[in-house]
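Shown next as structure tokens: one chain only, the form predicted on its own.
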């Protein structure tokens, strides 16, 4: 005998928590099933020697009134439960390559003004860039959030097939301007020749207005979302791996868990990676050709991360989020591209815990495959030595910009795509689900809806990556599920 709900949400990451709130606020009885023992997905944190580190949360933009993150958080009634701390207004995110550096201000207009002042010979190129960015962002209703307008999905615009590199090459001949504008493709785990210009534009623009960190990191955001869901009557069950979906008449009837429980519902929301859900559905209910095509799609890159407790703060880095690049490291074995470094304790200020830094770079799982079948903490000396070499290379890069780093370090912890594979259950340890590269867009990607009428996909950055993108995915999916036509107007201004 199965328990029956109005909605079963599979996955308690960011999108699953948001989905649950948006569906429960309509009076639906919502159950969230999570295969892990805790919620949060890539917002998870871990604690070592009384110091808390974030796994996947660094900062979020668009927190001014009228901008996407602020509007969505306010609609969820979560904004008042968190404390957003702005990054430095003149240097929210700084990119550095060798002796070259450029600091992105925290607001869009400040960036536009600074770019024109920095590259006075590129006024035409920058004016074109601004016009194109505003056209793309203004075309997507969940980003523009303005009532009474007509909208097209940004991937349907004329530039949708272009990569960022395709766009930048004819725009300007200035190599440093190209590099600065291309640096933040890192935020999607892709290089400029891989990342779709339109998706990069939405992610890039969302980093402004105002760039902030939630005091307490991803855990504070998770707690606020879960608390709001609980207020609305959402039921959460953990350690529940969904391994089968029973279907009939083009509908999902119930889900089965590895623990032997069954749950029926009118609507099912896959707020997790689409591949395990497709594997859990019989071929008679999902076309095998379609299933095979999705299962063969390339995954996004995983992350190599280091987390360091410090004896004292790093004065050289301060509260700015820094992206570092070294040509020598880019040609190493394996290649080490951009490294993102944040100092949460410097950003959050006094009372935020021990001084610490968190640094990460993206890397495919390929160099780690030889250890993939070994259990956590038992991968052996060779794996630990390989991981330590990567950490040392990252520390060397950070130390070129923060010379006092080595003398400040108290303890270093690290992780690889295998760590994410184990703890966040991401396919191949990928951070953004199925890769968002230019060859896997449009009809090539799984959509919100399949042929099963009551199954909706929203998780693992299915249409848009990043924190803002994940919220947009959830709102877009729930708008379709609710079908009342009022959600957008309730969020928009």
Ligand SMILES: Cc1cc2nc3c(=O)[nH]c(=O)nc-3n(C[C@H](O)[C@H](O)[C@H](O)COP(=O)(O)OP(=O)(O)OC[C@H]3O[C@@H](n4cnc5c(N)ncnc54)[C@H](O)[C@@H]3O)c2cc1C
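Residue numbers count along the first chain shown, from 1. Note that the structure is a prediction, hence the values are computed from the model and not measured.
Just so you know, the form predicted in complex with the named molecule exists too; it's not on screen, but the next bit is about it.
- Contact with the named molecule in the predicted complex, defined as a heavy atom within 4.5 Å, holds for exactly one of 111, 191, 119, 423, namely 423.
- Contact with the named molecule in the predicted complex, judged by any heavy atom within 4.5 Å, is made by just one of 67, 445, 58, 28: 58.
- Contact check for 88, 306 and 357: none of the three has a heavy atom within 4.5 Å of the named molecule in the predicted complex.
- Although the partner is absent here, residue 242 lies within 4.5 Å of the named molecule in the predicted complex, judged by heavy atoms.
- The named molecule is not drawn, but in the predicted complex it has no heavy atom within 4.5 Å of residue 52.
- Among residues of the shown chain, residue 432 is one whose heavy atoms approach the named molecule to within 4.5 Å in the predicted complex.
- Contact check for residue 467: a heavy atom falls within 4.5 Å of the named molecule in the predicted complex.
- Stretch 233 to 241 is the contacting one of 233 to 241, 141 to 149, 379 to 387, 192 to 200, since its residues have non-hydrogen atoms within 4.5 Å of the named molecule in the predicted complex.
- Although the named molecule is not shown here, in the predicted complex the stretch 259 to 280 places heavy atoms of 271, 272 within 4.5 Å of it, in sequence order.
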